[in-house]
Each structure stands twice: as C-alpha cells, then as structure tokens.
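To begin, one chain is listed below as structure tokens, in the form predicted on its own.
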Amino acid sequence: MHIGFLGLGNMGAPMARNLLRAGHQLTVFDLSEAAVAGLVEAGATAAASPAALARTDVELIVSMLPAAAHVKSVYLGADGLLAHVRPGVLLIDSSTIDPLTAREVAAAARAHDNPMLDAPVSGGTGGAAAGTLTFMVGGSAEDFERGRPVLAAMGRNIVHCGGAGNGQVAKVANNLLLGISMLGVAEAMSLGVALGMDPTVLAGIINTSSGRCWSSDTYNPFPGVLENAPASRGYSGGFGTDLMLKDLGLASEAARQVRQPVFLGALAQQLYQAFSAQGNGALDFSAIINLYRKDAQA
C-alpha cells in the first residue's frame, strides 16, 4: 500500500520505519530536513509539503504531530491535507490532542468524503521502535477494520474505543491516571525510605500487595529499585515531565468542557507544573519523586 506519513519526530520516525519494514511504499513530510533524509535513506520518498503529499496517489495518510494546533493546520489549513487529498483516502491521526479537536477535524474530513480515525498511542519511543505500541482508536467500525492492518505494522494492541474522538478520550483518561498514580508511588516510596525502609524491599512489598500498579512494578521512581527504569539512569529518556504536563492539561481542558471534576488531576497538574518550572521539564516524569526526597533537594 502507498502510505503518506507526516511527522517524523521521536515517535513518528520509528513508526514510519516499521511501515517500510512491513513492505509499504511511503511518502513522508516533516519540517526537519534531517528527519526526512533519514527516512529517504531507509527507502521512503520525500514530499515538499502536506499538500504535495496529499496530491500523490497515497491510499492512506498517517500523522503524528505535537499538538492540536499543528493537527488543525496540517488538516484544515489552505496548504493542508483536506484541501488537496482525494476523497476516499483514509486519514489516521496518531497525535495526542483533546477529544473535541479530534472530533472537529474528523467532521471536516467526513464533509470532504474522507474517513478518519483518531489513533493516539501508548508505549513510548521503545514501543515505537519495536512495533509494540498500543493504539487507542476512535472512528467507525468499518474504518477501524480498514485501518487495522496498517496500525498492526506499528503496534501490537489495536483497540477500537468507539466513535470519533474516543481514542483521544481513552488516551487522556489513561494518562491522567498515570500521572496521579506516579505521584502516589513517589509519595509512598519517599515516606517509607524516610522512615528507615530499604527502597527495594519496600517496592517488593508494594508490588505483591494491594498498592501494586504499573508506576511501581514496572516504572518505579526510586533510583536503583528497577535497573531498566529511568530512575536508575538519572531520569533520562522515557516520558518527559513536560509531556506528562501536556497530557494533564488536555485532561483538565476536556474535563472543563464537559463540567466533569478532576480533583486529583488538577493537583497533579500543579505539581508537575511546579517541577517543570524548576527546570526539570526534560527529565522523565517519574523524577517527580524529587519533590519529596530530602536528599534530592539538598
């Protein structure tokens, strides 16, 4: 299949490479010439703009963009996809944006006779490289089945979440919980260690007891507890604090739009915002534990 791919950042580039490995023909666009050159070297063809990409004979287009403003520009702008793409081409946006924007863009696509799926991902850069991402997909069941084989070349778990925008709903809800749960684990680990507990022993107890969660048993924020967690490499790599802050902002805004209280989410957003303001935005979000640890603040 001839696929167009827009957005070749830390997530988009490895996703695009997996489409090439699966045997698809790929035409790509990104503002970074170096990112495009890397994909061209791997076998893709470069497009000069989103409009130029849309005017090719692509059968499906995937986008992975930083924020809602970029998605609106790429899809709805005068030089955007919908102004130039053929009717019938399936559009898949894997950016993480708010559900209402996803629904707005999907409605515009339908008006142009282009089916569209919102398909944000979970699994990070490691999952993108390994092709093991989880895709949370919003759109019609028919369009989901049409897009599933392409998504399966980039991910392992492809879940239909319901109508347009529901993929973003699932992503926002999941990451809201992730941000809150990491704060809970950070607080509990810091308290236990301050009271004289060995962190590895404490984590082992939590991970076999009722406090067990992914933030503890897979991504524990205390240094040295898990060898492969960002906490054991100075909180480098992983999922950045500013990315978590962005997702909590999306959750907060979505909650405001439907008048749904998110008490813990609001507190979590303030804590990550304070941590980012201290210059820690590029650190993995599990570094939030340093707000609690006296030795880290000394």
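Predicted model, so just to flag it, every value in this text is computed and none were measured. Numbers follow the displayed sequence, beginning with 1.
Another form exists, predicted in complex with another copy of the chain; not displayed. Remarks below refer to it.
(request) Tell me, out of Gly211, Gly80, Gly127, Pro223, which residue has a non-hydrogen atom within 4.5 angstroms of another copy of the chain in the predicted bound form. (result) Contact residue from the list: Gly211.
(request) Work out which of Leu100, Ala107, Ala141, Leu76 lies within 4.5 Å of another copy of the chain in the predicted bound form, going by heavy atoms. (result) Of the candidates Leu100, Ala107, Ala141, Leu76, Leu100 is the one lying within 4.5 Å of another copy of the chain in the predicted bound form.
(message) Among the candidate stretches 84-92, 109-117, 143-151, 171-179, which one is within 4.5 Å of another copy of the chain in the predicted bound form when only heavy atoms are counted?
(response) Only one stretch passes the 4.5 Å heavy-atom test: 171-179.
(request) State yes or no: in the predicted bound form, is some non-hydrogen atom of Gln260 no more than 4.5 angstroms from a non-hydrogen atom of another copy of the chain? (result) Contact check for Gln260: yes, within 4.5 Å of another copy of the chain in the predicted bound form.
(request) Tell me, yes or no, whether Asp242 is in contact with another copy of the chain in the predicted bound form, where a contact means a heavy atom of each within 4.5 Å. (result) Residue-level check for Asp242: yes, a contact with another copy of the chain.
(request) Using a 4.5 Å heavy atom cut-off, state whether Arg55 contacts another copy of the chain in the predicted bound form. (result) Taking the distances in the predicted bound form, the answer for Arg55 is no, it never comes within 4.5 Å of another copy of the chain.
(message) Whether Arg233 contacts another copy of the chain in the predicted bound form should be assessed with a 4.5 Å heavy atom distance threshold; does it?
(response) Close contact is absent here: in the predicted bound form, Arg233 is far from another copy of the chain, nothing within 4.5 Å, heavy atoms only.
(message) Given a 4.5 Å distance limit between heavy atoms, list every residue of 194-211 close to another copy of the chain in the predicted bound form, or none if there are none.
(response) Contacting residues: Ala194, Leu195, Gly196, Met197, Val201, Leu202, Ile205, Ile206, Ser209, Ser210, Gly211.
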